[in-house]
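To begin, one chain is listed below as structure tokens, in the form predicted on its own.
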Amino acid sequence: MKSFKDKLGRIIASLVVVFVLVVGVVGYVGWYNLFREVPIPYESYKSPEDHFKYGSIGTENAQGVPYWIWLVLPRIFPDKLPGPGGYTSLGITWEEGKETPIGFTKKTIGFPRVGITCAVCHTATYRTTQKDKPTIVAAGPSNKFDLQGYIRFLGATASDPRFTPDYILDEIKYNYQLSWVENLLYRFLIIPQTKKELLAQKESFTWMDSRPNWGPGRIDPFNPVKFNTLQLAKDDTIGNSDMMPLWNQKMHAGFALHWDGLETSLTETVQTGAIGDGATKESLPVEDLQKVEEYITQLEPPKYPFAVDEKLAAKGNQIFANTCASCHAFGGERTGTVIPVDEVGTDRHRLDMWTQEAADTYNKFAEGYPWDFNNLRKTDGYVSVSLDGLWLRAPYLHNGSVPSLQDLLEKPENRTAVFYRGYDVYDPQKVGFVSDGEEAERVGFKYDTTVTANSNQGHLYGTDLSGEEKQALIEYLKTL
């Protein structure tokens, strides 16, 4: 009897060991294929610029799309895109030899995931002619990327009945052979969960449908933060605004940041930018973002690439000193400060979008973390920005409502009322991107200044100059 009990005990002990091993193996396999995070060392990037373009800012954990699914979506759903060319039809720029486009990072968290980076909105391109290869300028304001179109594309694919394991796995086979374990995980977990999360993201952005479209090169940067991150009540405000350059921050020390000066700390601005792009409090890579801050602090603004009439520019320098320098020159009395909207006279929708409640809530967002937000605020106007690299910052004003410097020096009633933005061929005469004509209309977004929040009114400074003075001033502005 004792021998039987001993044997039974040994059998039970063996079964327990086997059970624990099985559970351990299954748990390990699950962790390895679904949650294992593989850091991307900073040293793996060829340059600080490459890190800026492709380095993770922590968006893959919560907002990342499985890489292999992301890669095949344009092939399965070309009808959901604005035209041929896959993701490039959304104004996304892809460098030769790179696995992802500029502004998209690939990181393994269980499986390869794609997240967005600062560079997706802050990389400019320009061409001299339609046939030229685009020149890429890191940290410049994107003129052609349609972020709203990208968000809507992902939501539209998930809403389509073709978003199924069979369709997607068949397409993945053309690029990558999944192992049998990966195949099971994609079929029964990853693809269904991706569909669910994309549909949830689509729902979280339905508020966009009741507002004017952003169009390429523009974004409503803080309503998503208010509604989705801070969980504040939805209102009817419109924050549509032009994307800003990030270069030369060493010269911007002490300046108010963002169009309305809602921040005064560059470190917080970089970190809130990552949060706004989809990073979480837990995934925010503070050290990597410090590298981004260092890069944009030291990065010089791009030089104007076309010929400049030096004599005319010298005359324009004097006009600038008398007319513009107090608000826009480094060292100017008001440069980098907030000018009341009643004085500058530009469209106030972007200003009204950001509220005191939002600032207070965001300042409490990271309490208890080693990093924190303390400098968000509500202002009463727009920042008088410095003009370094001005030539590549068209269209102008905070909402991108004026296509060229030539237009900006006209009185509002004489400025172009309807133009097309998103075309990156440059016009050195007007100093802006080509915004009319057959090709601009074909690839561009129709910008109508009579649409709510699209007004091109205000900023009357310099509009009373003579034609010759304006010409000289524009020639000088090219050199900044």
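The numbering used is simple: start at 1 and walk along the sequence shown. This structure is a prediction, so every number in the text was calculated from the model and none was measured.
Keep in mind that the form predicted in complex with a small molecule is missing from the display, and what follows is about it.
Looking at R113, K226, K144, R350, which is the one with a non-hydrogen atom within 4.5 Å of the small molecule in the predicted bound form?
-> None of the others qualify; the residue that does is R350.
Name the residue from L169, I136, L387, A156 that puts a heavy atom within 4.5 Å of the small molecule in the predicted bound form.
-> Selected option: L387.
Which among 306 to 314, 372 to 380, 87 to 95, 251 to 259 is in contact with the small molecule in the predicted bound form, heavy atoms within 4.5 angstroms?
-> In short, 251 to 259.
With the partner absent here, would V270, L289 and L397 each sit within 4.5 Å of the small molecule in the predicted bound form, counting heavy atoms only?
-> Yes, each of V270, L289 and L397 comes within 4.5 Å of the small molecule in the predicted bound form.
Looking at the partner-bound form in the predicted bound form, is T117 within 4.5 Å of the small molecule by any heavy atom?
-> Yes.
Using 4.5 Å between non-hydrogen atoms, is E203 touching the small molecule in the predicted bound form?
-> Contact with the small molecule, no.
Heavy atom to heavy atom, is D407 within 4.5 Å of the small molecule in the predicted bound form?
-> Looking in the predicted bound form, residue contacts with the small molecule do not include D407, since no heavy atom lies within 4.5 Å.
Using the partner position in the predicted bound form, report whether V431 sits within 4.5 Å of the small molecule, counting heavy atoms only.
-> V431: no, not in contact with the small molecule in the predicted bound form.
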